[in-house]
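Listed next as structure tokens is one chain, alone, in the form predicted on its own.
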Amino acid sequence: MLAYSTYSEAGGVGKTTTAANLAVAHARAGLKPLVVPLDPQDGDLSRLFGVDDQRTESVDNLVRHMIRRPKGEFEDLIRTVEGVDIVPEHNMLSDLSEYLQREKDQSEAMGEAFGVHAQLLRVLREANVPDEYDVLICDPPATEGPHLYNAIHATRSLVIPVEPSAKGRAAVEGLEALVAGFEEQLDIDVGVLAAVPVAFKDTRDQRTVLNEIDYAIPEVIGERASLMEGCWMQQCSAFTYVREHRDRDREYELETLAQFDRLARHLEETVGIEAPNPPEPGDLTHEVPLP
């Protein structure tokens, strides 16, 4: 199984839209992706895909499973949109740290171990996710904490959207130390599968920043603020937005879709996955195979 977390120290660089569009790109190729968004804030991946309607309801949710107090089966949490399975976010994620610490304290009082950063991995393994899915994508918040640590512990790999700017360069410069910190904190090896520069305008300064990135850069995404804003407005991926909500094709947007397809193939190849039905990159007539 290909597993990765989309991560960036900087906010607003397209982390969530990258995760969403890569998930759809994997699904377009006939793979079965599961997306686990972990951002407690509104405006998250669940909202992007229009499955954020139970965020405040007293329903079973991922946090309950992570603290071993589920109200149902894990598979009943899952919603499916555009061929992608999603575990919607819930407001209980806002207090995840407190819930996990409380469970840890209670477990230790009973002489039991409870790793606060390993609970998402436990839940996914107990639900047979590695056997049921081809791709796992976690979309944690940028800030350090149990959401991010659980995501990285479960996936062990990162895909990093990067803003090609001085701010983005600072984030990349700190990444090596950050990854080392993850490895020490979680006692695991963490790999970086790809850096994905976004909002690239091909300026000299931006080219300089790109040349300083030591990680693989399979694709460089141009400035697509209008396209991504349209996705949020219509609550869909860029593939669906261009196909169903644009009145005419724009070559630069079709090329962006092709880049997501090619990036998905690159990530699949890193773990030896060969997609059964890959589309011609950017082909909007390619139908997502039904499960």
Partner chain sequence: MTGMKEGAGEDPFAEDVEPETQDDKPSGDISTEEAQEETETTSRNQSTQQRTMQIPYKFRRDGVQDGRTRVPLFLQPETKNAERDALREMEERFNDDISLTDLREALMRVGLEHLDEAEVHLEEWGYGMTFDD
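Numbering follows the first chain given and starts at 1. Quantities reported herein were computed from a predicted structural model and do not represent experimental measurements.
Quick note: we don't show the form predicted in complex with its partner chain, though the next part is all about it.
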### Query
Okay, which stretch from 85-93, 100-108, 72-80, 197-205 lines its partner chain in the predicted bound form, with non-hydrogen atoms inside 4.5 Å?
100-108
#### Entry: Partner proximity in the predicted bound form: His153 to its partner chain, non-hydrogen atom cutoff 4.5 Å
yes
### Task
Give a yes or no for Val172: in the predicted bound form, does one of its heavy atoms lie within 4.5 Å of a heavy atom belonging to its partner chain?
yes
### Leu284, heavy atom within 4.5 angstroms of its partner chain in the predicted bound form
no
### Task
Please check if Val271 has a heavy atom lying within 4.5 Å of any heavy atom of its partner chain in the predicted bound form.
yes
### Task
Could you tell me if all three of Leu124, Gln185 and Val192 have a heavy atom no more than 4.5 Å from its partner chain in the predicted bound form?
yes
### Task
Output the sequence-ordered list of residues from 95-115 with at least one heavy atom within 4.5 Å of its partner chain in the predicted bound form.
Lys104, Glu108, Ala113, Phe114, Gly115
